[in-house]
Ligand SMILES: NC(=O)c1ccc[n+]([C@@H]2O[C@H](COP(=O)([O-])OP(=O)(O)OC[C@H]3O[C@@H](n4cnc5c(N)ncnc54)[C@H](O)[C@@H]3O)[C@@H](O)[C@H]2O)c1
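Just the one chain here, laid out as C-alpha cells, in the form predicted on its own.
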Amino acid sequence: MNYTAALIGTGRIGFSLGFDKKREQPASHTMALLQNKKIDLIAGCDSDEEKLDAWKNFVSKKSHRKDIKTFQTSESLFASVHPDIVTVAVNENSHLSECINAINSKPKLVILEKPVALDSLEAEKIRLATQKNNVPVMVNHERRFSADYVAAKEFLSKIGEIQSVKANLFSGLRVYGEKYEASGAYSLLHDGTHLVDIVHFLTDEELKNPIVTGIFKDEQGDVRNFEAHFETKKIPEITVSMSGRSKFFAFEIDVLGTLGRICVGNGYAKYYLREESKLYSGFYSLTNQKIKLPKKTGYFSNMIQNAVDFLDGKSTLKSPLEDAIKDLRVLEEIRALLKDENSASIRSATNCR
C-alpha cells in the first residue's frame, strides 16, 4: 500500500537543504519523501510563491508527476486534497496553527518539525487536538533515527552503570533572549530540543528540577552560555551545556559508565570498553572498540521509513509527540532560571577526546 503526502513549508528543512552538497542526503523532508517508494508526494504549501514554484518544478520533474498541486495556505490545501501524511515544516511560531490545521484534516499521520511549539501551553493544544481527532503526530528529532545514535543506545548495556552524561551544543546563535520568545529564534529552543531529546532517548530518563550555572550574558542581555545540571535515581550527574558565542558548530554527547564510555557527535562516534591495561600492570584502561557503522547514518530516510512502518502496522512511532512535549517542558524549566539569574562566570564543559 502506498501513501499520499503533502508538505506544509518549502523552506530550508522542508526543501532547500536537500541541495547542500556537504550534508548527508536526504537532508530535507521533500527529498526524504520522494526517496521512499511507498510515498507519493502530491501537494505542497508555502506563503512564498517563488519558493513554492521552485518546489513544484523540482518535485514534478523528480517524481514524473504533472499533477503536483500547490497552495499558499494550508486551509486551501486541505479543502482540495486529503493526503495520508502531512508534514509540517514551518517556523516555530507557526507550529501551533499549522499543526492543528493538519490534525483537523484527519490524515493518517502528521510529521511535525521540532520543537513541538513555542511553549508547553501551545504543545498541550496540539496534544488535545490529536486526541480529539485520533490523529498521531511524530516529531522530527532526527538523531533518534541516526545509525550512530541507535548504535550508541544498543552499546549502553555494555558500559555498566552510567556515572555521568554530558551533552554539549556549541554555536554562534544566542542561547536565549526574552525578546525572541515570540519568534522562537534562539538556540535553547531551536537546538536545545535536540540536546535534551537525545539524552532522553539514550538514557530513558526524564530530566527535572535543573540547577543552572555558568550563565554568561552579552552586552544586549542575551544569554550566551549556561550549564544545566540534573540528577535521577539511576544517573547521579547529567549536564546539558550550551554555548552561543562559539565560532563553530558542534553537537556531542559523552556517556561515562563503570565499564566503558560512549562519545558521539557530528561526524564521529567512539565506543570504549574496559580492558586489561597495556600501560600499567594490575590496571584496566578504556580501549577504543571498532563498531561497524553504515557509511550513511540515514537520519532523515529512517525517520520517513518509520512513518511508513507505523502506517503499515509494523512499528511504533520512534519519536512520539509525548516525548517531544517532555523535552519542551525541560527547556521551559531551564528558560525560567535563565530569566532570573544574573550574569555569571562560565564553567567549562568536559569535551570528548
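Numbers for residues come from their place in the sequence shown, where the first is 1. Bear in mind the structure is a predicted one, so any value in this text is a computation, not a measurement.
If you look for the form predicted in complex with this ligand, you will not find it shown, but the lines that follow are about it.
Contact with this ligand in the predicted bound form, judged by any heavy atom within 4.5 Å, is made by just one of Arg224, Lys166, Arg144, His95: His95.
With the partner omitted from this view, the residue of Ala152, Ala89, Ala123, Ile162 that lies near this ligand in the predicted bound form is Ala89 [heavy atom within 4.5 Å].
Figure note: of the listed segments 154-162, 174-182, 112-120, 273-281, the one touching this ligand in the predicted bound form, with heavy atoms no more than 4.5 Å away, is 112-120.
Annotated contacts: Lys37, Arg65 and Asp309 are all free of this ligand in the predicted bound form [non-hydrogen atom within 4.5 angstroms]. Residue contact with this ligand in the predicted bound form: Ile304 places no heavy atom within 4.5 Å of it.
Within this chain, Ser187 is remote from the site of this ligand in the predicted bound form, having no heavy atom within 4.5 Å. Residue contact check for Ile13: one or more of its heavy atoms lie within 4.5 Å of this ligand in the predicted bound form.
With a 4.5 Å cutoff on heavy atoms, Thr70 does not count as touching this ligand in the predicted bound form; it lies far away. If you take 32-55 and check each residue for a heavy atom within 4.5 Å of this ligand in the predicted bound form, you get Cys45, Asp46, Ser47, Asp48, Lys51, in sequence order.
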